[in-house]
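Given next, in structure tokens, is a single chain: the form predicted on its own.
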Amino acid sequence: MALTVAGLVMGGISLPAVALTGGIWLISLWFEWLRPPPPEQPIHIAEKPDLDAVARAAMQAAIEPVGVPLMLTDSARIFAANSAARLALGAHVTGQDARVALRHPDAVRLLDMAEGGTLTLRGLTGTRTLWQMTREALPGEAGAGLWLIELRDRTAEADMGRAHTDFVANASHELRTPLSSVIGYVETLAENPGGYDAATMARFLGTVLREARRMDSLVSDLMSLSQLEAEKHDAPTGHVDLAAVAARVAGEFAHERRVKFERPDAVIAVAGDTRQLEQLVRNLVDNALKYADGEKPVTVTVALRTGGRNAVLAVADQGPGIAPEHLPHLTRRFYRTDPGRSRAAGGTGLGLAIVKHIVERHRGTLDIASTLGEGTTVTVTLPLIAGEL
């Protein structure tokens, strides 16, 4: 302090200024001396993490994105369930006893097995559902006492298998009926050759020819369905004038003076397969002629949907109509509202099933509206080609 004051005086600084500087310095030293020492900062020691909770959280994170229902259990209690499991069984399953969460006797039996395994569960999430449940112990020390439960929904596969079995059975039955008739008449003729008059021979041979043609139609429709199934994921890319297709098919029924075609003024272009669209129109007109009133007209209309982006094909008859309970089933294979009348008319029971598959392949929609005593209208809506919008 003294050396600093002496230096300031020798440097020509006035004594008042030197005295003021010294006073400020002394005051600052005084306050620094009076300031209490800072409190000691406590040393924080990190708590030991709950390794069990960390491991279980990691397990939950690992199974969460998996697309099939997965659950992890400690003994029988579920401590982790992914989103697929929560969606299938309910969000409340986490923390529940697995036997309560699943509520299925076969599932409970599997949960009680010492070695785990795989079982099929019928009716787990609904009356007609079918699930495959697998239970496995987690390996290693970290997984001691922990089990993984996997659920796989096999309902769609079972439905497809059932549908395939039904289809084969129905197709076999439909083929066997005319085939039996053909065999019966041919055997009768073979047992007594030359023993029948011309009229009887003509009647027998007419029946054989009719039933043979029926089998031929059935085989053709089955092949069409098979082809459509193979192509259903491939959208057609050809440019087709829907009005021209409808006009061409309506012309095939020129002998049926009841078919009336209302042609639009403009070209209505859709992305389509010409052969399949012709088959679609042909099936609809043929159905209308077979099952409608024989004296009233069948009207075929092609138009643009007002304000929309679609072409609309409609085939309407003025027949007896279809009861409401039949409408949802009309596109099923071999479904008939009146089996006797359908077979007598030469129908295979596959016409509307083919129409449905063609519409689906063309990314369109199919609607069937009917009123008893007034008639039926089948409407097909197809998207226009982009350049035609």
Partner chain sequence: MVAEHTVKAFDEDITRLRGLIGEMGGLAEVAIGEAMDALVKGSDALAQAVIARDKRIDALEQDIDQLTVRIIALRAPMADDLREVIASLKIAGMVERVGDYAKNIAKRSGGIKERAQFEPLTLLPAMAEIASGMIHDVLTAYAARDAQAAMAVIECDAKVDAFYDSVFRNLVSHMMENPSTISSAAELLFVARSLERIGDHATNIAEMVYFAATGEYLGDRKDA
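Since this is a predicted model, take the numbers as computed values, not measurements. Numbering follows the first chain given and starts at 1.
If you look for the form predicted together with its partner chain, you will not find it shown, but the lines that follow are about it.
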_So, E229 and its partner chain: in the model of the complex, are they within 4.5 Å at any heavy atom pair?_
no
*Taking the shortest heavy atom distance, is H92 within 4.5 Å of its partner chain in the model of the complex?*
yes
_Whether V108 contacts its partner chain in the model of the complex should be assessed with a 4.5 Å heavy atom distance threshold; does it?_
yes
*Do F79 and its partner chain come within 4.5 Å of each other in the model of the complex, heavy atoms counted?*
yes
*If we take heavy atoms and a 4.5 Å cut-off, which stretch out of 219 to 227, 262 to 270, 94 to 102, 185 to 193 is in contact with its partner chain in the model of the complex?*
94 to 102
*Which of G117, G123, G161, P297 has a heavy atom within 4.5 Å of its partner chain in the model of the complex?*
G123
*Using a 4.5 Å cut on heavy atoms, which of R128, R176, R309, R86 is close to its partner chain in the model of the complex?*
R128
